[in-house]
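First comes one chain, alone, set out as structure tokens in the form predicted alone.
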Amino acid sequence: MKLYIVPTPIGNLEDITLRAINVLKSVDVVLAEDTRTSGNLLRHLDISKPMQSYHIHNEHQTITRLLERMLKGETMALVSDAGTPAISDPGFLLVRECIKYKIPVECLPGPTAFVPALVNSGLPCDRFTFEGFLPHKKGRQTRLKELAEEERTMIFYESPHRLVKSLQQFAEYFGAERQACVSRELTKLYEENVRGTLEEIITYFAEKTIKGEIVIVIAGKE
């Protein structure tokens, strides 16, 4: 009876840990955000395990059944498509309920996109705030106004098609001269880290076709 939280590579498959491989080999079932994506990883690792879909659209409906199975003795590993589960991905609710019902939870260390993005941004790493995805509509302006006074380095996730618009909003609320870094396709073949003022980064991406996972790191207010 146990739930393992198992981080998976954000791009380069060599970033899986030996411990993660051993855990995935040992559990009764793998809970996957997308069984096709995680199935490809398991095949690459030569691991054959039953898989069950666990994602943001079904987690409320499936938690009770999963808890019942673990209470009867099953061990499970929760994985997301990439990175550490529960960080801008499903996982928090399941961990909370396992703790509530005294089911042991063990989270393995491993890949998550915002840490390498923060470190290689060249911006202060000693104190920072991880904001994940900002609200798309309701509450977005309020949050931006609040963050305009934030003195710590700020980290955001963003989708490629919203990148330029978000950078323009950051420039509007934080100032166009605020230092920032946009990291794209981390650990993958075409990894890119673009550093400079928000204005310079907007100019760089304005005419480009943008693909891949995006992490934005922005200096805090001086």
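Note that residue numbering begins at 1 and tracks the sequence as displayed. It should be emphasised that the depicted structure is a prediction, and the values quoted were computed from it without experimental measurement.
What comes next is about the form predicted together with a small molecule, which is not displayed.
Participant: For the spot marked by 89, 158 and 185, is every residue within 4.5 Å of the small molecule in the predicted bound form through some heavy atom?
Facilitator: Verified in the predicted bound form; spot residues all in contact, yes.
Participant: Just one of 24, 202, 16, 214 has a heavy atom within 4.5 Å of the small molecule in the predicted bound form. Which one?
Facilitator: None of the others qualify; the residue that does is 214.
Participant: Specify the contacting stretch among 168-176, 37-45, 186-194, 64-72, defined as having any heavy atom within 4.5 Å of the small molecule in the predicted bound form.
Facilitator: Contact-bearing stretch, as computed: 186-194.
Participant: Though only this chain appears here, would residue 10 touch the small molecule in the predicted bound form if you measure heavy atom gaps against 4.5 Å?
Facilitator: Residue 10: contacts the small molecule in the predicted bound form.
Participant: Is there a heavy atom of residue 133 no more than 4.5 Å from a heavy atom of the small molecule in the predicted bound form?
Facilitator: Judged by the heavy-atom cut-off of 4.5 Å, residue 133 is in contact with the small molecule in the predicted bound form.
Participant: Whether residue 121 contacts the small molecule in the predicted bound form should be assessed with a 4.5 Å heavy atom distance threshold; does it?
Facilitator: Residue 121: no, not in contact with the small molecule in the predicted bound form.
Participant: Does the 4.5 Å heavy atom contact test between residue 147 and the small molecule in the predicted bound form come out positive?
Facilitator: Close contact is absent here: in the predicted bound form, residue 147 is far from the small molecule, nothing within 4.5 Å, heavy atoms only.
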